[in-house]
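Take a look at this single chain in structure tokens; it is the form predicted alone.
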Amino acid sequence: MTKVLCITRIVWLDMLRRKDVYVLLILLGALLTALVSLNIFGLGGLVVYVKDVGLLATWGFGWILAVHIACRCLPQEEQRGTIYALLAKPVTRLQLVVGKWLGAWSVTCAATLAFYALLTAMVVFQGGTAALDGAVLIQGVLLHGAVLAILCALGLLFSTRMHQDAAATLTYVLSFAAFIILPRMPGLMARASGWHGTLVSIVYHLLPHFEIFDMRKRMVHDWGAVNGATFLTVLLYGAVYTALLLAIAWLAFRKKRFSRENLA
């Protein structure tokens, strides 16, 4: 466990060295500016509008950060040649995969929590504490964290066999499909038949169902929290899916051979 935490610390230090924290501050400033200055159709002062725009931006920024950080963790170690020093500690490849995932996930969650903190402050400023439902907010943040865990694991999985840009592109495409297209597939399955229906069904069940983690409408319209059993079931689904992706990432990474000819 100590070795995993050390690898996690490396991810954090790399984020600080790359000045990612300044990118985060810029994104926070952009979000603040958007929430304060945008006044489309005269809705700028409505708390519902502030929450809707803020949550959309929070999910978008979290998505970008998760994919960006997770997909660069392993390829940059190989490119620099530091992968040899890491594996000679000795550090097992499983520890390396889990440590990199934990680092990417924790960094992304910390950034996303900062977005939620800013959004909460803006909502309180616009409508007071009555505009917030603490139970829904806690559930929404935890479920969003589960989505980020899956995204980081997915990006890390692709990066075990691809360079950073290819892994990020594939992660963006699949996660976008899971976000946008997957919730509409039941209607397509009802009309499809034969091997087309089978293929659609396989894709529908294999891709992660991010829509079940999305609490934005409940948070925006104050619909209240979901019951505890449903909440825990969704969290368990996220944990199992993340563990499965990490297991596949480890299997793909443990037999990988590195060549110094590919070093930059």
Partner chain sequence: MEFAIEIDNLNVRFPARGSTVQALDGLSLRVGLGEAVGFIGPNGAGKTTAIHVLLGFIEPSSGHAKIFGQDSRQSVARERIGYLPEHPDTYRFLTGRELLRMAGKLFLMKEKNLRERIDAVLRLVDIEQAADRRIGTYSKGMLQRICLAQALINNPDLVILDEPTGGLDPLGRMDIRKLIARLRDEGKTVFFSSHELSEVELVCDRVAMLARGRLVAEGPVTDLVAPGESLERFFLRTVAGPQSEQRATPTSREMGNRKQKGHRP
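Residue numbers count along the first chain shown, from 1. All of these numbers come straight from a predicted model, not from anything done at the bench.
Keep in mind that the form predicted together with the partner chain is not shown, yet the notes after this line are about it.
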Quick check for you: of 173-181, 105-113, 76-84, 146-154, which stretch puts a non-hydrogen atom within 4.5 Å of the partner chain in the model of the complex?
76-84
Are all three residues 3, 17 and 257 in contact with the partner chain in the model of the complex, where contact means a non-hydrogen atom within 4.5 Å?
yes
Residue-level contact is defined here as any heavy atom of the residue lying within 4.5 Å of the partner chain in the model of the complex; does residue 169 satisfy this criterion?
no
Using a 4.5 angstroms cut-off on non-hydrogen atoms, would residue 93 count as touching the partner chain in the model of the complex?
yes
Contact with the partner chain in the model of the complex for residue 243, defined as at least one heavy atom pair within 4.5 Å: yes or no?
no
So in the model of the complex, does any heavy atom of residue 121 sit within 4.5 Å of the partner chain?
no
